[in-house]
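First comes one chain, alone, set out as structure tokens in the form predicted alone.
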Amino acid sequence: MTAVGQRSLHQAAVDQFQRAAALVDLKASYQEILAQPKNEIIVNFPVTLDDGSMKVFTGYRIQHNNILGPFKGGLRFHPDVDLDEVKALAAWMTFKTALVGIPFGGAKGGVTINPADYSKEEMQRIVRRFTHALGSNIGPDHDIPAPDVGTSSETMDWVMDTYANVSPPGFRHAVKGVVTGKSIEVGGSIGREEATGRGVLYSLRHWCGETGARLDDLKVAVQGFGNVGSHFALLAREAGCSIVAVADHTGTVGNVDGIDVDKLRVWANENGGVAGFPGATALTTEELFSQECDVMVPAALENQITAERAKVLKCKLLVEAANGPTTQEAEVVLADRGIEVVPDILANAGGVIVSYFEWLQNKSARAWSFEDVDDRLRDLVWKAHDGVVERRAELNCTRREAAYAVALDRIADVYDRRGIFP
């Protein structure tokens, strides 16, 4: 959410791609197209609550670009969801899918709501009414939502079921691919739940290969212990990293000798968050960012790495597991301090990659093994990193600029070939 006096998140996203656009001499007409979403859908829909009262909710679906394929992006249920945030997230999805070479465009959606304020039955009615309100604006070959902050595989099951039941009878089993991130029993993919966290780990592995660092020598701090942060922390610990600090909305905990992530996950599930975990020391939020570590992994919301926090970071590498966690001012500080950044459109692409795999499985009515999913995920993440490293050397630029350059090259190539109708 853009607070009063705070810079527009969407404008920050536009500025990011335009810096790379200048490096690759992207046509001004293409820059103009990419600076705004293709469609902005806002729906206000009523829902009957458990006490019999009615409440009107506001939902969004922003369809940024679909030149490479169907619109693709998550549904976020959070109190801070607003038009500016969703426009930024949709734009980042366009560049993310282009960067990793999958045939999707970019979209994002959500509802301005705190899910914790509502019962499960109320949430199901809210999700179903939102899906019905979106109507034909989503579809398995048009716009394909997925989970995001505040939503889950259960949410996607409800979306899919609602969409199927308003489809003609002969198509109700053919529309499973209207969303990804479903439960496996309903048509989801093995490996989808942990895919974003696994992609973050593969990004870290690639950096180790570039620099000669060893995973089992790395001390890692993680901000955010939801789906992405918790899965990454567990996978990184299994790979040999020492997780020295973890933060979520309830608090921050640290242990210089390493946190037992398995026990922390159990504690967080049972207690609603990491605060009070007996296997670590309580820290303040700001102490997290000054923690001695090799790698900082922001896996929460946007604009968490500010210029002030960038000045006190004690890491060599920042891996952006969240979307848009670093402000433009902080980027300048990080560059001046020599702290490397693996950008969000590269580091957290694992989720949309495995969403693509789920979509393919739904289309072919086949289920892949975990080994198939994981091997293909690793190959696409690795290939994307290789492309960024190569483009960075050619352009003598930052890793973020190189990532955008690769994405823009692919988007421009398709616009050149297809042209603008009519």
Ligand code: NAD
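Numbers follow the displayed sequence, beginning with 1. The structure presented is a predicted model; accordingly, all values stated were derived computationally and were not measured.
What comes next is about the form predicted together with the ligand, which does not appear here.
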**Prompt:** Just to confirm, R76 within 4.5 Å of the ligand in the model of the complex by heavy atoms?
**Reply:** yes
**Message:** Even though the partner isn't displayed, in the model of the complex is A247 close enough to the ligand, meaning a heavy atom within 4.5 Å?
**Reply:** yes
**Prompt:** Does the ligand come within 4.5 Å of any heavy atom of E331 in the model of the complex?
**Reply:** no
**Any non-hydrogen atom of A233 within 4.5 angstroms of the ligand in the model of the complex** = no
**Prompt:** Exactly one stretch in 160-168, 322-330, 118-126, 210-218 has heavy atoms within 4.5 Å of the ligand in the model of the complex; which is it?
**Reply:** 322-330
**Prompt:** Just one of I243, A98, V228, L318 has a heavy atom within 4.5 Å of the ligand in the model of the complex. Which one?
**Reply:** V228
**Complete:** From G105, G110, P147, P343: within 4.5 Å of the ligand in the model of the complex by heavy atoms is P147
**Message:** Within 4.5 Å of the ligand in the model of the complex - does that hold for a heavy atom of every one of S153, G177 and N362?
**Reply:** no
**Stretch 182-205: residues contacting the ligand in the model of the complex, 4.5 Å heavy atom cut-off** = R192, T196
